[in-house]
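Before any questions on binding or motion, here is one chain by itself as structure tokens, the form predicted alone.
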Amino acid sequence: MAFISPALLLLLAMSVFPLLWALYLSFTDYSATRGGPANFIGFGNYTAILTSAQVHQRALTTLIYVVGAVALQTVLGFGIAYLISRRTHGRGALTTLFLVPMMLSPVVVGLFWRFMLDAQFGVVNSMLGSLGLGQVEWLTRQRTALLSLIVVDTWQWTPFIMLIALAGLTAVPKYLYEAASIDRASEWFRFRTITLPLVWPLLLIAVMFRGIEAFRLFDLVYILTSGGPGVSTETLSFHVYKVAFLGFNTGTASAYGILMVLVVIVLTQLYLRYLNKLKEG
């Protein structure tokens, strides 16, 4: 115990103390740029956040982004994994090729796609122009900016779902397919009664991890749209950044952070209960 005590103390100092300090600040009107001590205001910050129409709008934007991105990634990731698993040659090379976007830094991905989606000089609009289609202002129109974020996030993180689905597909016992072949079961019957039920629990776990990651999206928003046009792509994480580092309302930003952690914990616990019931069933 004495051997790991320094590491344990360092871990507590770097993880637990900031969380407790943020919890304390969330009950005050403290501002990082204002002199003087922090004044205790009780649940004032929490009440203001929960009743704010701006926060409700950011929460809706975040919900649309999380549901859209994770659903699209799940369908594409499972589809790609299913097709790769049926190949006998080149499976390793294809898997490595598909994993490349996931290896890139989100900042690099954001800069890359900001160039690709540029309205005047972007490669995507050049391709649309060569096909005789009109140009699209991907990142400067409210209707397309959030869609662009979902597409870019899908491009980067679909390989994560694919990798987990591929592990599940590889682990399906071969004798089940052999027994189905003896019974002359159709391809759709094998997929519906063997493949999907056995891979489904792994997919649900992957969806949980991706949902948590997407919920705290910040870097892509910062690089691609900075929350605009207007506030159409301003997620909760980006809004917390603006409150904390542009408005310097440290107490309010701390309350935002605590509420987001609580939301993730509650939703994750409910999801895990569903997974446990599914496992017992």
Partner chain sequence: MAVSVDEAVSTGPAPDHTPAARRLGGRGRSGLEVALLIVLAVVMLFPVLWMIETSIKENRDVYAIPAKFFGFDVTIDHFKDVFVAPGGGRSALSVAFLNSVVVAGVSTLLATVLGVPAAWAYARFAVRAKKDQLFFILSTRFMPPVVVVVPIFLMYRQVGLIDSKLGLILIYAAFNVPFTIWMMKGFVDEVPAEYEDAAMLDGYTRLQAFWRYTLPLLVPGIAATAVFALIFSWNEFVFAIFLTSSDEVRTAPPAIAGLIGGTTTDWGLVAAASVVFALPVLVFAYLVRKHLVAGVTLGAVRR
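If you're wondering where the values come from, they're calculated on a predicted model, not measured in any experiment. Positions refer to the first chain, counted from 1.
Keep in mind that the form predicted in complex with the partner chain is not shown, yet the notes after this line are about it.
Contact annotation: F218 falls within 4.5 Å of the partner chain in the predicted complex, judged by heavy atom distances.
When contacts are judged by a 4.5 Å heavy atom cut-off, G92 counts as touching the partner chain in the predicted complex. Proximity of V100 to the partner chain in the predicted complex falls within the 4.5 Å heavy atom cutoff. The closest heavy atom approach of V240 to the partner chain in the predicted complex falls within 4.5 Å. Relative to the partner chain in the predicted complex, residues W21, I80 and L83 are all within 4.5 Å by at least one heavy atom.
Residues L202, I205, F209, I212, R216, F218, D219, Y222, I223 are the ones in 196-228 with at least one heavy atom within 4.5 Å of the partner chain in the predicted complex, listed in sequence order.
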